[in-house]
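Two versions of one and the same chain are coming, encoded as structure tokens; call them structure 1 and structure 2.
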Structure 1
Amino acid sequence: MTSAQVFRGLREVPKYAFLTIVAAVSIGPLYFMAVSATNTSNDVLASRMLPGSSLIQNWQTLLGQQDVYAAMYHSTVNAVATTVLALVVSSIAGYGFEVYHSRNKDRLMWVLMLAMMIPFAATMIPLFRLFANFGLINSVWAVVLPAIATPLLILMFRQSARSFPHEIIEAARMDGLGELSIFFRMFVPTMRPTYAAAAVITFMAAWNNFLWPKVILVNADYQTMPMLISNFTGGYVIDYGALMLAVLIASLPTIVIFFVLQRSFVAGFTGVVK
């Protein structure tokens, strides 16, 4: 090895040291959560960082105190329905904003962007009264509908539509293809990375959503996983082993979704058309 190669190698040390520290900070809480699910409550309070033998006991405690299967079912239904409807509605809106010409579309887009600045807590009470008037309290629609047309997703799909060749759209129209056929047969397959990125964002947000389901799902039989986890903090004695196991179970679906779609996740933000 020459001195130049040794010098280049030494220059890389700070970079890899920094990346190692960042990775340790990011993975550390996940590791602690995973090993804590196998330890007793006292071991968790003592910050034990090694796996224990209390996984089965924590699982039995969790099942004895909470209806995990029902919470997983309701979280899955809410997250999947929100993701599917959000992709359909937001992609059609973003495609329309970019492809169709209107003098007021930019003004409307600015209004949507301003809506992003309004905290959800400010609209929560009017939304609750609205869904109460329609008799949708304790229904999946009350959880799903407020999240199917977010300005962020519409902006993502509009940016992606800008990279979609408009000449192809004009050629398809001249060949007699309808607008819906152009959208579903040409735009949707081309924008798979954007759909993947939007699916990851929407599913994670819907799965981890706590405040709105806590407000709108009054009946405890409809509780989701975040609501189930919050129940552990309401007692005088908290079993932290069972609590960490519940957090681990609640985290697994989002981790799986991210790793399945990770290849398309970064490309989706760039809106690249190949």
Structure 2
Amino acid sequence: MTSAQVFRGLREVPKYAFLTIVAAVSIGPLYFMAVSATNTSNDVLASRMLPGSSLIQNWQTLLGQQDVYAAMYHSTVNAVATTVLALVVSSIAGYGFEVYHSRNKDRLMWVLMLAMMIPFAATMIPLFRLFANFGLINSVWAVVLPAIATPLLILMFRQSARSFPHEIIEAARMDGLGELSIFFRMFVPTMRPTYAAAAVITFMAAWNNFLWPKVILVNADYQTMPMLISNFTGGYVIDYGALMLAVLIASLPTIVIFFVLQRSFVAGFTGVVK
């Protein structure tokens, strides 16, 4: 190494020190959460930062106080149903806007995009009354239906449909393929990265949704994981070890999905942004 290289290397030190601090602050609370899930409540309050041996005991405490299995089941059903339906409805709409383009469809798109500006708070009470009228309080449909069609997901699919070669569509029509078959057999398989990216953001949003399920799932038997951990703190004595275990369990699915799909997530977005 020449002295110039050493000098350049030294100049890099503050940058890496800064990044290390930022990364530590970012991961710190997550590390604390994971470690605390294995410690007793007293150890958590004593700020023990090393893994303990109370994982099983915390799990039993948690099961004794909360119906974790039911909450996991409801969260999974809600999030999976939302994601699947949202991908189908939004991708077919995005494809429709782009492939069967017309002036009036553009106008409709513009109107739908206005919906992005509507805060959820402004629709929450009438939505609650709407579902109450149809006797759908505590039902999966009430959780899923408002989350299926979002203007942004439609935009995302329309944007990726733009890069889908129209010659393929023409050729498929010549071969006598129906319009729906073209969509399912040609478009869906080619757009896998976009579907992956859309699935990640939709699943995370649905899994983590708190306010609306809290409003519409009145019966405690139907509670989701975020509701469970929120209710956990309602008691007089909080078992912090068990609480942190519940928080960890509630966070695991989104963290796992994030890591599994990280690669296609980035690829999907790059395709969309281009």
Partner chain sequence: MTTPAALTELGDTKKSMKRPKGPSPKLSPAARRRSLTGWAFLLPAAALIGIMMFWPMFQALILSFKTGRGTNLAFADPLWFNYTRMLHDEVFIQTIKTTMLYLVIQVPIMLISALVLANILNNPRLRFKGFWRTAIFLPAAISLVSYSLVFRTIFATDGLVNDWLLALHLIDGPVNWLGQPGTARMVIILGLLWRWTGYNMIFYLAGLQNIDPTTIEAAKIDGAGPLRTFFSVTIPQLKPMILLTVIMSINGTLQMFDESFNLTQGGPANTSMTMSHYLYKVSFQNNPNFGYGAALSYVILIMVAILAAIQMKVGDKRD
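Rigid core (definition): largest C-alpha set, two forms, superposition within 1.5 Å. In this text, all values refer to a predicted model and were calculated from it rather than measured experimentally. When a residue number appears, read it as a position in the sequence of structure 1, where counting begins at 1.
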Number assigned to the form predicted alone in this pair: 1
Students should find the CA displacement of residue 15 between structure 1 and structure 2, rigid core aligned, in Å, to be 5.2
How much does the C-alpha of residue 24 move between structure 1 and structure 2, in Å, when the core is lined up? 2.6
